[in-house]
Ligand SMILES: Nc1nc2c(ncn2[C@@H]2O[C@H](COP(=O)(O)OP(=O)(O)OP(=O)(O)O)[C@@H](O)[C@H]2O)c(=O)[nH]1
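Shown below, as structure tokens, is a lone chain in the form predicted on its own; questions about how it binds or moves come after it.
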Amino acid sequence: MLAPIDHTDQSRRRMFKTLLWVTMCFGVLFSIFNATRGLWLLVGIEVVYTALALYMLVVVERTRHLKTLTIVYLIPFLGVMMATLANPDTSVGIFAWIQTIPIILYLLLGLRLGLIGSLIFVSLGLYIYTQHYTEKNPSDSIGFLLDIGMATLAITVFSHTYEHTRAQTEKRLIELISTDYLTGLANRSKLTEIFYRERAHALRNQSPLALVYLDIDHFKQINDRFGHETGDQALRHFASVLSQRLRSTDLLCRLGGEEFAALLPDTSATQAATIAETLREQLASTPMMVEDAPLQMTLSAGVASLGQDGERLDQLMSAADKRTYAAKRAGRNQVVSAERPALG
């Protein structure tokens, strides 16, 4: 099974690579420029950092610690910028680079770290300016400081607003694509993502993992007798009743139609069968009101477990589905597992 795609991670890797390429290009240009002015310390720093950027370009695609690598790179990167600003022989125009700090930090580190880093390094940069340039021409320097400060503040606010909006939009889109619109439960896509994570946890800790396949009995008759609106109500009722009986660590999802599944971490096949039996009893004892009359609903369930029935989600789903079908053939309203065969 493939790991779920993290689009934010991919985007930040691309941004980081862009920064590395820019760093190398400007490092070469500035090292040549500073060499002509005899600023050999800056030349040495820029050459070393250009080499570091080249090395990180090699490893950035395969590292699993992108944020740590980014911070390790950015702190000396911004430190070099501050050192350059502090050099009295540096052109005053270098202070325009302060405005790039919020953009770089928000794009690479996200909302919280981007804000913290921007406040620290922008404030430090403006402070350095006041210490080195205001004495040369106070009136011009103060005006320049205000211009740079206000422009940088505006960029910081825009960067913060953009990153906050982007994060909220991404969160909402993830919810939409991973949630069943009718019941509010997770959908098959979310089940796949969570199974990948829980399987890794189970294999790492040698802990059990179970899957229960759940199917509403005679659901077509509910639709045919009462209409699809009542059928939708029945699906929501089913989801609500079962959600109340599961643990916070369990995942109940709707696969489609009247078919559901529950992923149960740290649960053996025997324990999963007991949980499924509890769900069956809870549903049977909680009728849905239709036209002021109680309508009893029942379910058939099949249980599969990691290792015993396979290592992949499709293998567990297939095993659990076959046992659910066996429960239906045996008369419905029962749970079937490897240890608990059909009654009929």
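In this text, residue numbers run from 1 along the sequence as written. Computed from a predicted model, the values in this text were never measured in an experiment.
A second form of this protein, the form predicted together with the named molecule, is not displayed here; the remarks below concern that form.
When the site C-alphas are superposed and the named molecule is set in place as seen in the predicted complex, is this chain open or blocked (3 or more ligand atoms within 2.4 angstroms of backbone or C-beta)?
-> Open pocket: the modelled ligand, placed by site superposition, has no clash at the 2.4 Å cut-off.
Of these, 117, 231, 208, 125, which has a heavy atom no more than 4.5 Å from the named molecule in the predicted complex?
-> Partner contact (heavy atom, 4.5 Å) among the options: 231.
Check each of 85, 194, 103, 235 and return the one that places a heavy atom within 4.5 angstroms of the named molecule in the predicted complex.
-> Partner contact (heavy atom, 4.5 Å) among the options: 235.
In the predicted complex, segment of 184-192, 221-229, 106-114, 72-80 with a heavy atom within 4.5 Å of the named molecule | The contacting stretch here is 221-229.
Could you tell me if residue 17 has a non-hydrogen atom within 4.5 Å of the named molecule in the predicted complex?
-> Heavy-atom contact with the named molecule at 4.5 Å: absent for residue 17.
Is residue 332 a contact residue for the named molecule in the predicted complex, using a 4.5 Å heavy atom cut-off?
-> Although the named molecule is absent here, residue 332 would touch it in the predicted complex, with heavy atoms inside 4.5 Å.
Might residue 328 be said to contact the named molecule in the predicted complex, defining contact as any heavy atom within 4.5 Å?
-> Result yes; residue 328 sits at the interface with the named molecule in the predicted complex.
Non-hydrogen atom contact residue 250 with the named molecule in the predicted complex at 4.5 angstroms = No, residue 250 sits far enough from the named molecule in the predicted complex that none of its heavy atoms falls within 4.5 Å.
Residues in 232-267 with any heavy atom within 4.5 Å of the named molecule in the predicted complex | Those in contact are 232, 235, 254, 257, 258.
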